[in-house]
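Before any questions on binding or motion, here is one chain by itself as structure tokens, the form predicted alone.
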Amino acid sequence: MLSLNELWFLLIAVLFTGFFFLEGFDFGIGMSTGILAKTDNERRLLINSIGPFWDGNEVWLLTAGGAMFAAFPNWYATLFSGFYTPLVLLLLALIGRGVAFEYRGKVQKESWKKTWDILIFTGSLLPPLLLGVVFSDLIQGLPIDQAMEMKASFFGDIVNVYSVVGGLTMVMLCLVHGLLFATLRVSGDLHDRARKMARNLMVPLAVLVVAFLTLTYFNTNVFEVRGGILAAVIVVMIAALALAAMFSGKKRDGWAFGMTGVVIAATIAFFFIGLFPNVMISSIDTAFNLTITNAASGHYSLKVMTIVALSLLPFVLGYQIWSYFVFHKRVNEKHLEY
């Protein structure tokens, strides 16, 4: 039976999985406005395709951060203070993207729209890149001392070859995921080009995945601890990626989108399984690792949180499922409002 510490570690992993699955296609759509759309109407169609969802999807990240703060305050403190620069950049990117969605159509002027379009693109590219860097650093190890303080250099400890490859892999995965989501939400030539671009990016995505897994093998010790289960996760990851390419080639867009979702879930599972029972790994001394035990809140706090979470979670999930049901139809130019 799971302890409360293990349960909340699992719940945080689930929250990040939900975030990357749902907000992942939002990021992909945002990036595709800059590389797929050819006209202003096509950009607006892509933005409208995620219009009812993107702000709700971001709640998964906020909830994950809140759960981390309440369940593992030492993890939260070390992580957010040590990664202050990349996490501030992440916050600014999300704010800029949200503002751009709301203000882009307020003025019918080309220079105005182009400014917001740049913010939408960069605000969609930076978050998966930065979060990929952070997660990669977590399993690679960071200079954390006995006082649970992380004193990492930006270039070297945080930004290095391994973490950059991890970040680029996450960006490419979100882009392909978003393009496949577009095939479910738009029609006509834009739909066909989204599917074609997604298929063309499958090979670069596979190369990045293999490169990341190879670097993980040589730069971390996660395979020494849980090599068997991580190998199974990798098999699922590769198989789902191959199936996504096959389904996309056969024009079965829903199945292709589902398979990239499986790849995302397997990727997040890979990170958290590689970490467990640690939440942050010290490169100074493994005795300084932050674990689900020494980083956690007290038993009473975890118990109260569990009761509250289990009481409210069905309502939150029900609302979000309902919103996707209500807005499930494709968008087209008739839905564009001036």
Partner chain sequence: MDVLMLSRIQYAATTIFHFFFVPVSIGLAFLIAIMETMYVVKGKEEYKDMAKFWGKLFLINFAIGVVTGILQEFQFGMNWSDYSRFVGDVFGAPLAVEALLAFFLESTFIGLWIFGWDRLSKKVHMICIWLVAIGTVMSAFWILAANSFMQRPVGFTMNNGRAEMNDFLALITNGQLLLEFPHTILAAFLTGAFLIGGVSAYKLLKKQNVSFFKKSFTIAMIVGVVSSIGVALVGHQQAQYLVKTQPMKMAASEALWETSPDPAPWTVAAFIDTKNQKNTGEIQIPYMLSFLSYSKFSGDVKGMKELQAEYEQKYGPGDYIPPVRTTFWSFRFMVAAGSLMILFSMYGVYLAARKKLENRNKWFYRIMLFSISLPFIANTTGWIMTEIGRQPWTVFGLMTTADSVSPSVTSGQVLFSLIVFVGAYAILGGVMVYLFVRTIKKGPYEVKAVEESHDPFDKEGYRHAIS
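Source: prediction; values computed, not measured. Residue numbers count along the first chain shown, from 1.
Below, we refer to the form predicted in complex with the partner chain, which is not included among the displayed structures.
Note on the interface: of 204 to 212, 231 to 239, 186 to 194, 83 to 91, the segment with non-hydrogen atoms within 4.5 angstroms of the partner chain in the predicted complex is 83 to 91. At the 4.5 Å threshold, heavy atoms of residue 227 stay clear of the partner chain in the predicted complex, well away from it.
Contact check for residue 110: no non-hydrogen atom falls within 4.5 Å of the partner chain in the predicted complex. Using a 4.5 angstroms threshold between heavy atoms, residue 301 counts as touching the partner chain in the predicted complex. In the predicted complex, the partner chain sits beyond 4.5 Å of every heavy atom of residue 217. Scanning 246, 161, 99, 118 against the partner chain in the predicted complex with a 4.5 Å heavy atom cut-off leaves one residue, 99. In the predicted complex, 48, 51, 52, 55, 56, 58, 59, 60, 61, 62, 63, 65, 66, 67, 69, 70, 73, 74, 76, 77 are the residues of 43 to 77 with at least one heavy atom within 4.5 Å of the partner chain, listed from first to last.
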